[in-house]
Structures are given as structure tokens and as C-alpha cells.
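In C-alpha cells, the next block holds one chain alone, the form predicted alone.
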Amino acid sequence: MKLRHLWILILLVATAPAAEDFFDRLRETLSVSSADGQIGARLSGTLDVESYHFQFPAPGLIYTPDTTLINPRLAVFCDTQLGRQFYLFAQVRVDRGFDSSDENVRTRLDEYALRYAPGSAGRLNLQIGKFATVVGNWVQRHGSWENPFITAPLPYENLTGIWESVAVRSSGVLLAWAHLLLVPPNAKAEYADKHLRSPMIWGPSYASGLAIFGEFGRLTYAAEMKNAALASQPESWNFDHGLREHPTVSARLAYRPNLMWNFGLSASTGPYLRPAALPTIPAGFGLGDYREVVIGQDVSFAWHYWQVWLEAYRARFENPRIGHADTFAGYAEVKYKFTPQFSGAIRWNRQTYGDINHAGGRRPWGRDTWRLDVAPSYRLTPQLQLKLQYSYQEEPDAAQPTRQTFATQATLRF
């Protein structure tokens, strides 16, 4: 079956006259529990079909040498309650890679964690496994069903000149990795090393480790110790010795004065280089000298049919050879529900770069970028959602100084 035919199949299945009864029976079939209700498990999931049309090179965390891409993704979630104190969850995905790409389809265990809640008040929860970061407020709604957009905000997908596999040995190397030294800019060169570059925060950052979280009235807290920095690539998220020797520590503190507002502060610090980069680190230094430090603020607001989210981050990539490479990124997102089924969202994104010492002067180590995203969505049924997105981006002096991206997404929830 050709991938574009999945669109038609999803529409036929989800909108058939007997679809509602079918999904009710499916939910019952995928749920089991003990007679006393103390132990229970449930399977659920989403089937997504995304299509993208853009100018070469592919934007953000999309990997293809073409200008179009159709990307299917199946995500299956398992939620298990083990008595009153233990909870186990996992996410299995079948797709072409963690991020949209034209690679072969594979199966992957993205999340798995065991949670322990010693009390019933929600003040203390302990968690171990591989799970999304506690930083910010976008991660809490990054799933395809909850996210008003198809792509992530700029801080979570805009690639910088930082590599995690090799330590930068000079300012000229960092500027070359950011493609600032090619005149004129070269689109093929920008795509050739795309798989090596990292954003400020890599999507939901499913790194492995430990977490503690809870709430005290209007105050919520969360802290985690993981094996990889927020900028690390998905290949670095699995359990390894990095958790013990060079952990990344992140935390978020949030205050909700009422049902409408929520204010959060986040911070994170940890090495952004992989252990494989050790041979490229100069004598006398180690992975701990190459740290990513992130400080962020977030705000969310909900009132009637309006929802608003804002996030702002400042990241510093430390390097004993060239000093600090700083970058600032943020976005403002507004969603309005016109009807119970139809809604629209608009998002403004911005990222700027600080100066580094180079050739006797100072210059930015990246190109300042802004992007506008517009996304209408429509829920045909309680199980089927259709989404469109148009993005316009400006990145001066890049191979594509102005960029337009069109995307569609169909999500079937079960």
C-alpha cells in the first residue's frame, strides 16, 4: 500500500457509521483489571500520517534530500496500575525514525518508566526509566493529538552549529559548522552535516534517568537526573554510564495562582558531548568542561475558548577553547476554539545568537531566525483529527533566506 493511501484508509475507518461502536469495543478489549480494581492495564495509541512540502534543504528535524515527504507513525502506549503506589508506562513507536525522515520503518521503545507514589496527596512521586524531560510546558502537550501544530516550536527543533560527536577546537570550526563561512551559502553543504548538528532542546528529550515531582497546593515541582543533555540526539537517550559519571540535572518550579494562569521556571545543566568525543577534547579537560546550561521561563493561560502558551530559553554551550556560545530562543502560541470541532492556532518563534571571539573581533555564532506558524485543525470524530500547517521563516544569509513549509497531518486515536 502506498503511504498516501493511508489518508483514505484512516478517513474510511474513522468516519464509518459503526466506527464509534467499534472504538468503544476496542477500548474495552485493550483494557484489563483485577476484580478489586487495584491492578489494571490499558493499551492505547495514535496512528499519524504526515505530509510535508518545503524548499531544500529540509527545515528543522526533517531528514530527506527531497522537497516532499510523507511520514507515517504508529505510537502504542501501555499504562499499568500496580496497586495504589506503583504505576508503569511505556511507549512503543513504529516509524522511520524519531524525527520525520525517509529512512526504513523500524520499531523502537521510546519511553518506559516505573513510578512510585508513597502517599495519596500527590506531594511526592519518584520515577525511574526513559521519559520526557520535566523542563518547560510544551513537552507536556507534545503528542500529535494534543499539539495544535504539526511541528515543534523553534527552541525544540532549530539546529545550531553545535555537534555532540566532536569538540569544537576553534571559533572558525564552530562558524563553519554553523555554515557562516561559505560565500555564497550552499544548500547541499547545509544538508550534508545536518545529522550531526543539535538544537537547544531536542524535542521532548526522552533521556534516561531518575525524577522526583509533586505538588503542594498551587505550587508544583519536578527535578530529574538523566544521562544526556537537553541538546543531545535521540541515539544518546538510552541508559549508559553517562548517568553515573556525567549526569544532566534539570528542574522546573511552577505556580498556578488560579485555573487560568500557570507560571514556570526551568533550569538544566549537563555535558552536551558524547563519550565518543573524548579523543577530540584537549589534554587537561573532560566532558564536564563542555556543558550545556539552560534557563527558561514559561507561561500558560486558558480562558473560555482561548489558550495561550509562551516559553523563553537562554542556553550556553561552554567550551574551554573558545569560551561560551550563547543563544536565546522563544515562542508565543495562541489557540482559539471556534466550535467544539474546529480550532485554529498561530505561533511566532524567534532565535538569536550571542557573539564569540573570532579573527581579532567578535561575531555571532549563528544566524538570527524567526518563524511564523499557522495551523487550523478539525476533529471529524472523537477519534480522528485533521491538521494543516503553513510556516514562513526568515534566516538571513542562509541557503534559503526565506522559507515556506506546508504540512498536513491526520491522527487516528484509539
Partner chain sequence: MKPCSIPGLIACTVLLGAVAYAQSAIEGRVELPRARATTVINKRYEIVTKGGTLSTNPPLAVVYLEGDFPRPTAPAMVQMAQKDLMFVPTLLPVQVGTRVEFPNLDDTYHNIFSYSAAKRFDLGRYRADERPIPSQVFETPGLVTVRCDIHDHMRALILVLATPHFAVTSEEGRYRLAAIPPGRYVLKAWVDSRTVRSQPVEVVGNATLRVDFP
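Remember, predicted model here, so these are calculated numbers, not experimental data. Positions refer to the first chain, counted from 1.
Form predicted in complex with its partner chain: not shown, discussed below.
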Report summary line: Partner contact check in the predicted bound form: of 272-280, 213-221, 176-184, 314-322, the stretch with a heavy atom within 4.5 Å of its partner chain is 213-221
**Report entry** Sole residue of A302, I128, L109, V105 within 4.5 Å of its partner chain in the predicted bound form, by heavy atom
**Finding:** A302
Report task. Only one of K188, H195, H142, R169 comes within 4.5 Å of its partner chain in the predicted bound form by heavy atoms, so just point that one out. Result -> H142
Query - Candidate site Y206, R256 and R413: all three near its partner chain in the predicted bound form by heavy atom within 4.5 Å - result: yes
Query - Heavy atom of A41 within 4.5 Å of its partner chain in the predicted bound form - result: yes
Query raised in the report: Going by a heavy atom distance of 4.5 Å, is R27 a contact of its partner chain in the predicted bound form?
Result: yes
Query raised in the report: Does its partner chain get within 4.5 angstroms of any non-hydrogen atom of V374 in the predicted bound form?
Result: no
Report task. Report whether the minimum heavy atom distance between R379 and its partner chain in the predicted bound form is within 4.5 Å. Result -> yes
Query raised in the report: For 85-106: residues with a non-hydrogen atom within 4.5 angstroms of its partner chain in the predicted bound form?
Result: Y87, F89, Q91
